[in-house]
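Below you will find one chain, with nothing else, as structure tokens; this is the form predicted on its own, and questions on how it binds or moves follow later.
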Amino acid sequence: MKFPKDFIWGSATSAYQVEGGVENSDWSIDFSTCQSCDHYNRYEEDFTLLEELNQNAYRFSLEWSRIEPQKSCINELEIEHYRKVLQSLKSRNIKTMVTLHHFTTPYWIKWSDPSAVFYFSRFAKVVFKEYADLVDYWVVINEPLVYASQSYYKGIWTPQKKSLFSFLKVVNNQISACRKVYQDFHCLKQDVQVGIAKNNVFFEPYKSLLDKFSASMARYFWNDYFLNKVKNHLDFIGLNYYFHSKIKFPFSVQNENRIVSDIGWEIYPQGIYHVLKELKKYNLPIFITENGLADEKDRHRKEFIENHLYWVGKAIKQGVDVRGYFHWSLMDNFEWEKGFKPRFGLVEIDYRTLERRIRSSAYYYAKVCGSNQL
């Protein structure tokens, strides 16, 4: 199975999860990554690994709380740091996909506040003016509904609120922010590429007609609602695919879970095909911006990559405009409320010594990247 000629191959990280030493984030109040992977200081070493693994693209995030640690106070040293990161990637002919919001914000702002759209879009304009010539693709927000539900509805993530009203306010602010950033960026540069990374789930009914109704409702509210609101303010759609949910009325999940990751997430490669087919209706280019699993012993990752890419290839053959694939993640990292135990990396991190070790599955993925085919 061959992929399109200009298909891009890469992996993804987020700043808070791999950099270490983030002090002014809202997450730093309740969770600390300490040194983490020290990607902040070792990015050159890690980009050499990208080259060794035949990857020609890298998706990462800018840590807003580093760049604007206090309201209206831009840290020029951090601006220069991320410039060096981007220049290093460009010098290696690695395409850059930069995420502006990947779950963390400076401690002085909350997404439920009316001012969030103003401050976020202002931050976005600052970094755009600095890096426009170094970034190939901009991702405005990563998994907006995941962030809103985990932080403001379920209360699992900081600021640990449990309020439907706050959840809805956050979602509406995120929608406004996506539209505003898209408009601002296109005013500043006509040919810019702006999108979002949306976590979509393959929902299917368990058995009955009522189950079918529940699955369709879940599909609309989780997969379609946000995209429908911002579809005219996107140049591409980023798809983060992890989950398949077999829905039993009203909204219980009845998966068979024949094969699961280390943290109990079902491995269901065929689902990525169905989700991609659903996204075709938006008539926009699609990038797989995240797809991976926690697999410390590296027992399933090779087959996981192979099977998911088979179904991605099948979707492409049926007319879905998929332009690239980013595996999650380049390296083991801090997995939010789960801490450092889950191991998502193509590269294993020894957290005591910070030694990097390439897993065997990463060499399989490198062959795919190098040959542009399965």
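All values derive from a computational prediction rather than experimental measurement. Residues carry their position along the shown sequence, with the first being 1.
Below: the form predicted in complex with a small molecule, not depicted.
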{"item": "The small molecule in the predicted complex: contacting segment from 214 to 222, 175 to 183, 98 to 106, 249 to 257, heavy atom within 4.5 Å", "value": "98 to 106"}
{"item": "Interface residue in the predicted complex among 121, 261, 240, 245, criterion: non-hydrogen atom within 4.5 angstroms of the small molecule", "value": "240"}
{"item": "The unique member of 295, 266, 143, 130 whose heavy atoms fall within 4.5 Å of the small molecule in the predicted complex", "value": "143"}
{"item": "Contact of residue 344 with the small molecule in the predicted complex (heavy atom, 4.5 Å)", "value": "yes"}
{"item": "Residue 328 within 4.5 Å of the small molecule in the predicted complex, heavy atoms", "value": "yes"}
{"item": "Interface membership of residue 335, the small molecule in the predicted complex, 4.5 Å heavy atom rule", "value": "yes"}
{"item": "4.5 Å heavy atom contact, residue 17 and the small molecule in the predicted complex", "value": "yes"}
